[in-house]
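First, one chain by itself in structure tokens, the form predicted on its own.
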Amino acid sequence: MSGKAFLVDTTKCSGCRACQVSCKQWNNLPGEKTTFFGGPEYTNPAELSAITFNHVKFFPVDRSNPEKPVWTIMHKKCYHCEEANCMRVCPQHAISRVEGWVVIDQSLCIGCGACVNECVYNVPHILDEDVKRYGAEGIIKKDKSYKCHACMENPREVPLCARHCPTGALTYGERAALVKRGLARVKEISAEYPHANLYGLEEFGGLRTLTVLKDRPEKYGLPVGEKAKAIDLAKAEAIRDTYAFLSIFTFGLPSLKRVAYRISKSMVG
């Protein structure tokens, strides 16, 4: 697996949200209504959304060792899976790969929610209402799916999220080089964090957002094993075929399309 990638190092993240804010600015994404402590600890907003492509997530302090409590903060964005479920199930082929990155073409998206249903990382989201772009003319259209596109829609040599990270917790470069750096970092911190690992080497055929974790992936809600394998191509095709039939009865309404997709998935099993 060649090409560019991101490397997230949870041992270096300070929770400053520079990545989150710079992504908003570069992509003209408006702010969203939040509440203090919207998620665990200082997480705000609670999760990724259709207008938040980069997210800083705070995990509860681990006090299992009272003499050395551990607080983990993790940058999260689309993992850009090599074997991406969202791309396999999209009935409109609105999701494709651009220079290795998984990108949604909103002009083809019909808001059926297939990508939302199949992404175990809870990354793509459908916008519920039209919103005005921040600092620019135009609107971001409702009933379309949105997520990180690695600055493929408004290209940069280095995506702004990585460019503005002040601690080196988020870096960008050739994936092969980042894998070596990530593994070296795991080895470096293994004495302090015996279960440290580099997540993303094999999950879904390999991820383009690699993450140095202090503990096992399950501690961060990240899937492993069978849960981190792509949907079978034959099953994905069967779901699409079932959805193609049921969509006749949706009258073009995105809300009904989402219901039709969920029924299609349950029927195929």
Partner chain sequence: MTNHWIDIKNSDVIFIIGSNAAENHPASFRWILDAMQNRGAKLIVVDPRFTKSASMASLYAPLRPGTDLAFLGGIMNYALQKDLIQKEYVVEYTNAAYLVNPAFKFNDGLFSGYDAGKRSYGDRATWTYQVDDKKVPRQDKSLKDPQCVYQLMKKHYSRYTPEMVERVTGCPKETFLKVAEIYTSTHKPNRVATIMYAMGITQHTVGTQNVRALAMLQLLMGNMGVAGGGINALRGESNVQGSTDHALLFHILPGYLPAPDVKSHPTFEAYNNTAPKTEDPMSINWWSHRPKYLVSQLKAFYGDAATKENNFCYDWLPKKSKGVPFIVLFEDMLKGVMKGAFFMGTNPIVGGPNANRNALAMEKLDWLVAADLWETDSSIFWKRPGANPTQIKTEVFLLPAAASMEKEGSVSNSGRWAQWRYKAVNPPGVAKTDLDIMDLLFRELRELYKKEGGKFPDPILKANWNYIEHGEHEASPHLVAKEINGYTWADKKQVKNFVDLKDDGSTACGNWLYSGSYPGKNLMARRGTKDASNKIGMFPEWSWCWPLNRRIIYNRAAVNRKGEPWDDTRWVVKWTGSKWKGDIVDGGPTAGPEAKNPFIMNNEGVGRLFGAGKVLTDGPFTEHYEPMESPTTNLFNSQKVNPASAILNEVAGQFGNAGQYPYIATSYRVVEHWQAGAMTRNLPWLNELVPDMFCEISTSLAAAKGIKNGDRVRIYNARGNIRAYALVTERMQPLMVNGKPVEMIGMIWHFGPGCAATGDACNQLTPSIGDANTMIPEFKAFLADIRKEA
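Numbering follows the first chain given and starts at 1. For clarity, every value in this text was computed on a predicted model and none was experimentally measured.
In what follows, reference is made to the form predicted together with its partner chain, a form of this protein that is not presented.
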Considering its partner chain in the predicted complex, which of 235, 227, 216, 63 comes within 4.5 Å of it through any heavy atom?
-> 63
With the partner removed from view, which of 76 to 84, 195 to 203, 117 to 125, 181 to 189 is the stretch that lies within 4.5 Å of its partner chain in the predicted complex, judged by heavy atom distances?
-> 181 to 189
So, in the predicted complex, is residue 220 in contact with its partner chain at a 4.5 angstroms heavy atom limit?
-> no
With the partner left out of view, is residue 241 within 4.5 angstroms of its partner chain in the predicted complex by any non-hydrogen atom?
-> no
Is residue 173 one of the residues lying within 4.5 Å of its partner chain in the predicted complex, judged by heavy atom distances?
-> no
Exercise: residue 13 in contact with its partner chain in the predicted complex, heavy atom 4.5 Å | yes
Members of 160 to 174 lying within 4.5 angstroms of its partner chain, judged by heavy atom, in the predicted complex = 165, 166, 167
